[in-house]
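Shown next as structure tokens: one chain only, the form predicted alone.
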Amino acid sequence: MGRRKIEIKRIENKSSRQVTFSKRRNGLIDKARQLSILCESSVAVVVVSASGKLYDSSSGDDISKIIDRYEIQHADELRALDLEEKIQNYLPHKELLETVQSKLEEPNVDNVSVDSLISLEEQLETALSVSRARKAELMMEYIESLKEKEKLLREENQVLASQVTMTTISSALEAN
């Protein structure tokens, strides 16, 4: 008798939910250990229960080493997430520029505090970083689309070259 397929949804019975959590958590940790052994890789698993209890397991390297490697490899993504969080706290670019302009106009320039200027500078730097990150993202997407076009053109060129070769060969055979 085989297992029946279960519907993936929240288990309403609290004790059944806890039993399932424990069994599946242990199964997940076991699979991670097997992956580590079979593929000679470093695997880290972090599970947080509904009650907030933290379970972690690592195989291969120490979990902190694995997390450090992850942070190093994904530093750009983490920086982008940090920038997104910062930008949500600041004004949109247009409003920011208008604020800077209004604070730095001749009659108001004496009333601006150093803290206010530092805050404006940070907001401008953040806006600039976000703009640069978006520009880099768009440029990478454009480069990828150009690479795809190049690939398609190379394939088309090969097809045309083979057709020309076939035509040349058939013409030469007909001439003989």
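Start at 1 and count along the sequence shown; that's the residue number. This one's a predicted model, so the numbers in the text were calculated from it and none came from an experiment.
What follows is about the form predicted together with the DNA, which we do not show.
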**Report entry** 4.5 Å heavy atom contact, K14 and the DNA in the model of the complex
**Finding:** yes
Report task. May I ask you to state whether S145 is within 4.5 Å of the DNA in the model of the complex, using heavy atom distances? Result -> no
**Report entry** the DNA contact in the model of the complex: N26, any heavy atom under 4.5 Å
**Finding:** yes
Query raised in the report: Might I6 be said to contact the DNA in the model of the complex, defining contact as any heavy atom within 4.5 Å?
Result: yes
Query raised in the report: Of the listed stretches (40-48, 147-155, 58-66, 27-35), which one has a non-hydrogen atom within 4.5 Å of the DNA in the model of the complex?
Result: 27-35
